[in-house]
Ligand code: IFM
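First comes one chain, alone, set out as structure tokens in the form predicted alone.
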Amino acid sequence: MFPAGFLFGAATSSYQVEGGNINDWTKWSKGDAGRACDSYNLFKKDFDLAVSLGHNAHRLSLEWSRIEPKEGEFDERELKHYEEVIKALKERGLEPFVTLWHFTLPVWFADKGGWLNKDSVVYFERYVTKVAETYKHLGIKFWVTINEPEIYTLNSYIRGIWPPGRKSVLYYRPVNNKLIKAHKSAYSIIKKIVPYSEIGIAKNNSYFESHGRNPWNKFIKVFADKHWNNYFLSRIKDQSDFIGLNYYFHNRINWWFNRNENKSVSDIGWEIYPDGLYRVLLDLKLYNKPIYITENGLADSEDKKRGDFIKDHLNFALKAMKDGVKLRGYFHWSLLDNFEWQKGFGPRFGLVEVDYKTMKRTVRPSAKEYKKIIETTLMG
């Protein structure tokens, strides 16, 4: 049984669901989300769906490019819009988890070099200060400063498949270090303005499994755990009230990475490995922090695997809690089908299906299974 007060919900991010936005992704070859899910206009309907599915919390993000479309100029209309969004969540009894930055950048910031600009942290501080001051009266308890920093730097500065499309390992560590500074600054700013707040990041951690007794495999695992799973977290441990965990990947190491058996995979080939969630949660006990699973999901257009996926992952989450992990909540990715970055609209991650032509929402059977799990396992 999950304890009273445990948070169950789903997650979204602004650019992936809102529509009608202009940022650095809009210029990218595969980056125009267009209308997306039109959640900018339909957010109340979406939140009503979340409530009908038994959720008591929701993770969302604010779109920096809407709030500060020109350098140093804040759009009061957009600030008011997000105030209405947050109020709509609270009015429905949904605890907001507000993410300040989820991959997309204002065009002016990107044109200045993005996170490689020497003043990038200063620009982020200005944005965070404005947001915290504007919304301090709303009673927002949970703030996520940055979503998946290493995923961003990997795809934007090594693979080059996200804007700005750089392909050099030389950028990876400097950008990560800038994001560490940005988080620490944001933490201090929010704490000063909203003292009761709890602040963390959403960190993508993988379960690196050393296969067999080969010492080389164990060395690679230790290296990966240190430089992927823990590099960022170890440097912000004194400026984090909780850890947000995004879990998607198991990585079986046998002389090299990605030697997975792939007995069950999602529509886009990601291995389904719920035991990995348990392993990653146990590793996070090192930090002695409350943990929220801020993302966990799969692309499954026919909705054949999602119900079991949720059940199996939550079973391993319960197992981790029995073994001393301070797990406080679970957010499925995602509430809605949405724009999946360079993969476009093909992958279907939603508990709720979206017809992108009509914007009709259809609740999938797995969403009802998730609701049943919530209702039958939540104490109190």
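In this text the structure is predicted, and so the values were computed from the model without any measurement. Numbering starts at 1 and follows the sequence shown.
Another form, the form predicted together with the named molecule, is not on view; read the next lines as being about it.
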With the partner absent here, would 48, 95 and 331 each sit within 4.5 Å of the named molecule in the predicted complex, counting heavy atoms only? no
So in the predicted complex, does residue 156 come within 4.5 Å of the named molecule, heavy atom to heavy atom? no
Whether residue 102 contacts the named molecule in the predicted complex should be assessed with a 4.5 Å heavy atom distance threshold; does it? yes
Does residue 231 reach the named molecule in the predicted complex if we count a contact as any heavy atom within 4.5 Å? no
Partner contact for residue 341 in the predicted complex: the named molecule, 4.5 angstroms, heavy atom: yes
Heavy atoms within 4.5 Å of the named molecule in the predicted complex: which stretch among 66 to 74, 49 to 57, 315 to 323, 341 to 349? 341 to 349
Using heavy atoms only and a 4.5 Å cut-off, determine which of 124, 135, 242, 248 is in contact with the named molecule in the predicted complex. 248
Which of 206, 147, 266, 176 has a heavy atom within 4.5 Å of the named molecule in the predicted complex? 147
If you look in the predicted complex, which residues in 267 to 289 sit within 4.5 Å of the named molecule (heavy atoms)? 270
